[in-house]
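What follows is one chain in structure tokens, specifically the form predicted alone.
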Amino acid sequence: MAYKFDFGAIVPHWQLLFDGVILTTELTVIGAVVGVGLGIMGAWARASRAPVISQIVGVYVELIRNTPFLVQLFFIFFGLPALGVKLTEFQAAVLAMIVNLGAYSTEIIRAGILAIPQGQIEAAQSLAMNRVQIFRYVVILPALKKIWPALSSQIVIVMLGSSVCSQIAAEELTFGANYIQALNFRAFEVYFVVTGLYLVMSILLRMGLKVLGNFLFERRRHV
């Protein structure tokens, strides 16, 4: 018997999908802002002349980049309570996304820092600027400009990866989809709609990051 499509079966549950989109957006915004901030600090440490700090950050980066995000999430949500650190589903999801993006963005941003011409840094040193001033005024924005497309792509990947957070009952978009499918058994319709929602969110996120990049880097050029 031919399958009969019934997208109307999703309509009564639109609030679940809407709430899932909102929570996914919150996870992405917090994870991106704090994760990129962590990546900037990590990249600075990796590019510094302090071997101990650089090696510690290097271990963190390799540990996160070479283990599955799902395992990291489970370790934070199920493992840390054994040490007395109890987190809600939302807190665990945010922390996992921050830690994950922080590791990846560390290496992406470090590549941008290493691409800064040494002559610019030497010119700043000749003006008696200290290391913090050089990093703030000479290095970081040009470095971010060079790697912004790669960093934007990584943020989108982390947003899509937030779907894994449904495994700890964080009520993001995929959690809502799974719940609706369990209620009406319309798997094709539910996941077709959710696929479309993720696609739209990814496109909007890329557009937003492009606008943000233009604002940051074009403004600096006219200062």
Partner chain sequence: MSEFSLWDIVYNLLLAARWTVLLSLTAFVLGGLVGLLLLMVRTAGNPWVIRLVRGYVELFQGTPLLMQLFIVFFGLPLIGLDVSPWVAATLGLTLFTSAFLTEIWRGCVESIGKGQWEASASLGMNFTQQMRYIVLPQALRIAVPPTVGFSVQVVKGTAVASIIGFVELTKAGTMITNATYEPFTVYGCVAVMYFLICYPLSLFARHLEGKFRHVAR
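Positions refer to the first chain, counted from 1. In this text, all values refer to a predicted model and were calculated from it rather than measured experimentally.
Below, we turn to the form predicted together with the partner chain, even though it does not appear here.
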Even though the partner chain is not shown here, does Thr28 get within 4.5 Å of it in the predicted complex, heavy atoms only?
no
Even though the partner chain is not shown here, does Phe90 get within 4.5 Å of it in the predicted complex, heavy atoms only?
no
Does any heavy atom of Tyr179 come within 4.5 Å of a heavy atom of the partner chain in the predicted complex?
no
I'd like to check something about Ile40: if you look in the predicted complex, is any of its heavy atoms closer than or equal to 4.5 Å to a heavy atom of the partner chain?
no
Going by the partner chain in the predicted complex, which residues of 102 to 119 come within 4.5 Å of it through any heavy atom?
Tyr104
